[in-house]
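Okay, here we've got a single chain as C-alpha cells, the form predicted on its own, with questions on binding and movement later.
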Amino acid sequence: MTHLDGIVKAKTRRAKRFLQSREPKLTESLKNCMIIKGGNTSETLSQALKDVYALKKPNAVLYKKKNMVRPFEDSTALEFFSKKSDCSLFLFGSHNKKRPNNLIFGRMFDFHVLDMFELGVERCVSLKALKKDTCPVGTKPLLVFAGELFDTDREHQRLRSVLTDFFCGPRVSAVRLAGLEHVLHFTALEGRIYMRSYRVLLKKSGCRTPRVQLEDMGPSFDFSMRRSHMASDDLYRTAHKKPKGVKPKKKKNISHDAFGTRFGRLHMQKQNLDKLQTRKMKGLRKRKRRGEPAESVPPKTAKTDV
C-alpha cells in the first residue's frame, strides 16, 4: 500500500481486500474488543482481564505486554491500537495507590474515543476459583440489567449502553431455547455495580416447558463507579445515525391493530354501476318500452367481391 496526498492506494489484491474490509458498511460487522494492560497491574487485575477475555473470545485481542497509557489524560495510544487491530471496543486495566484495581470500559467511533467509564474492582471471583463447567466459546449471552439507576441516572444509562455493546455478542434474527446457555446479570445499587455470570441449566419439569436453573459460573465482580468520559449529545447522535440504505421504507396506507393484524387501505375511482357488466342471460336483457322510438340500426350493406 502507498500513501498519496492522504489517500491510501493498494498495490496488490491482498492489500485491496484489506482496505475493502476497513471501508464503511451499511450493516456493520461484529465489534471486536482489545484488552490492554497498563504500566502496573496487580494479580487480581491480571486475572480479571483474563476472565473477561475468556468471555469475549473469539472476538477479542489480548495485549500481554504492559503499556504506559493514561486514557483520561491522553487517548492517542488507544486510538492507535484501535486502528491497528480494527477494534471499536476496549478494556484497559491499571493499578496504582490512588486507584487500585482499575478497569476502564470504553468504545470508539471513527477510531476516536466516544465513551469510557472507570470502574474499581472491589471484589473478584475468578473462573479458576469456582472450577465449574463453562459455556462454549462464542456463546451469545443474555444480558439482564436490574436497578432504578439504569433507568433514571444519565451516567448509568450510558454505562448500560457501553456494557451492552461490550457483551452483546453477534446480532442474530432468532434464538432457540436450547441456545440460552449464558446469563450476565448487572445490578446497580448504592453506588456499586454487581456483575454476575450464570450458566443456564434446563431441567425436566414434567411438561413441555423445561425448568430453568441458574448455576454460578464466574467470573463475578463488585465494581465501584469512579470517573467517566461521555461524548457530547451531538457526537452521540452522529455515532448512532443510520444510513438511508438501512432504514426500512415506509409503506403507505398500511396499519396494524393491537393484535398485530395487518390492514391495508385501497383508493379506487367512483364506479358507474349502469355500465357494470353482469352475466348475459335472456331474462336480464333490456326490452323496449311502449312509446319509445326504436333505435336506428344502420342498414346492412351487401358484400361485393373486388
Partner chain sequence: MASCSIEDVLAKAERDEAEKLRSIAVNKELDLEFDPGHLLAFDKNRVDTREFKDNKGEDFLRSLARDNTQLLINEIWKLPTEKVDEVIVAKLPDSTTPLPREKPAPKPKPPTKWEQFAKLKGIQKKKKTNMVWDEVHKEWKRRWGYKRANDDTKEWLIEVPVTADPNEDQFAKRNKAKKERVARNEYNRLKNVARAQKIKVPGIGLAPTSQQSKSELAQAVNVAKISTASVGKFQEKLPKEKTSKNTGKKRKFQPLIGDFGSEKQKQLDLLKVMDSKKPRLDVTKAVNKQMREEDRESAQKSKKSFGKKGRKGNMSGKGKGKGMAGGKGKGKGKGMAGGKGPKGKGRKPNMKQGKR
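Residue numbers count along the first chain shown, from 1. These numbers come from a predicted model, not from an experiment.
One more form of this protein exists, namely the form predicted in complex with the partner chain; it is left out here, but the text below deals with it.
Legend entry - 4.5 Å heavy atom contact with the partner chain in the model of the complex for all of Gly147, Tyr198 and Arg211: Yes: Gly147, Tyr198 and Arg211 each sit within 4.5 Å of the partner chain in the model of the complex.
Inset, instruction - Have a look at Thr134, Ser161, Ser224, Ser126 for me and say which one sits with a heavy atom within 4.5 Å of the partner chain in the model of the complex. - result: Looking at Thr134, Ser161, Ser224, Ser126 one by one, just Ser161 meets the 4.5 Å heavy-atom criterion.
Legend entry - Contact residue in the model of the complex, from Glu155, Glu79, Asp165, Glu122 (heavy atom within 4.5 Å of the partner chain): Among Glu155, Glu79, Asp165, Glu122, a heavy atom within 4.5 Å of the partner chain in the model of the complex occurs only for Asp165.
Legend entry - Location of the partner chain contact in the model of the complex, chosen stretch of 28-36, 255-263, 62-70, 49-57 [non-hydrogen atom, 4.5 Å]: Among the listed stretches, the partner-contacting one is 28-36.
Inset, instruction - Spell out, yes or no, whether the shortest heavy atom distance between Thr187 and the partner chain in the model of the complex is within 4.5 Å. - result: Residue-level check for Thr187: yes, a contact with the partner chain.
Inset, instruction - Look up in the model of the complex whether Gly206 has a non-hydrogen atom within 4.5 angstroms of the partner chain, and give yes or no. - result: Yes, Gly206 is a contact residue.
Legend entry - is_contact(Val183, the partner chain) in the model of the complex, heavy atom dist at most 4.5 Å: Answer yes; at least one heavy atom of Val183 falls within 4.5 Å of the partner chain in the model of the complex.
Inset, instruction - Using the partner position in the model of the complex, report whether Asp234 sits within 4.5 Å of the partner chain, counting heavy atoms only. - result: Contact check for Asp234: no, nothing within 4.5 Å of the partner chain in the model of the complex.
Legend entry - Sequence-ordered list of residues in 98-127 near the partner chain in the model of the complex, where near means a heavy atom within 4.5 Å: Arg107, Met108, Phe109, Asp110, Phe111, Leu114, Arg123, in sequence order.
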